[in-house]
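Encoded as structure tokens, the following chain is the form predicted on its own, with no partner shown.
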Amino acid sequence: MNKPLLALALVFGIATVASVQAQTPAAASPAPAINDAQIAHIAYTAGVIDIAAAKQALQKSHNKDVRAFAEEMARDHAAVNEQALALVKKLGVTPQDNPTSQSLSKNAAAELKTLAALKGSAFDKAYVDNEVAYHKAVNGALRSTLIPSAQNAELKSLLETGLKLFQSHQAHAEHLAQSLN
């Protein structure tokens, strides 16, 4: 899947969970709101996806700037996921798989396959462009759906901290993308 489609799938998948109720006719039963267990799973899945992409970049890229960025992505997303796992354990919450998480994983697998076929500067550019699109989508979903929907204050705080970090990732990816053009 190419980067715009992956970003759209991410935004659509997360936004759909929150907006189905608003689009449901009054006579139909409303869709359940997204809960903290689902939010935790979505956020964790998004991190796992970016770690996998970073690992692929570290295997394929020879560009020192791309590799440094990939190392940052792997390190930072692993750290946030560790914090998330510690929090759900502390709260006694089991992250709940859901259609959004499943869609994210499916789309990411397709994108990794697409990137695997690329080499050299074509890979570097496609990887970084995907990171720009992915961080825009994740940051938008955090702002518009995940953070507002989180009920637990500690989960909400972790998501807000993650958003700040991921906004810096987006800016770094955008800068790197410009340098690769």
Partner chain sequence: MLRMTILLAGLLALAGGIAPASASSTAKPPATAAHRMHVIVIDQMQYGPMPTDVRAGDIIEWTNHDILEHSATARDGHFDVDLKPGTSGRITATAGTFAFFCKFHPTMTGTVVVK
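Numbering follows the first chain given and starts at 1. Keep in mind that what you see is a predicted model, and the values were worked out from it rather than measured.
Although not depicted, the form predicted together with the partner chain is the subject of the following passage.
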- Query: Is the partner chain in the predicted complex near all of A33, I39 and E154, within 4.5 Å of a heavy atom of each?
  - Reply: no
- Query: Could you tell me if R75 has a non-hydrogen atom within 4.5 Å of the partner chain in the predicted complex?
  - Reply: yes
- Message: If we define contact as a non-hydrogen atom of the residue within 4.5 angstroms of the partner, is V80 a contact of the partner chain in the predicted complex?
- Response: yes
- Any residue of 154-181 with a heavy atom within 4.5 Å of the partner chain in the predicted complex counts; write them all down in order. L158, E160, T161, K164, L165, S168, A171, H172
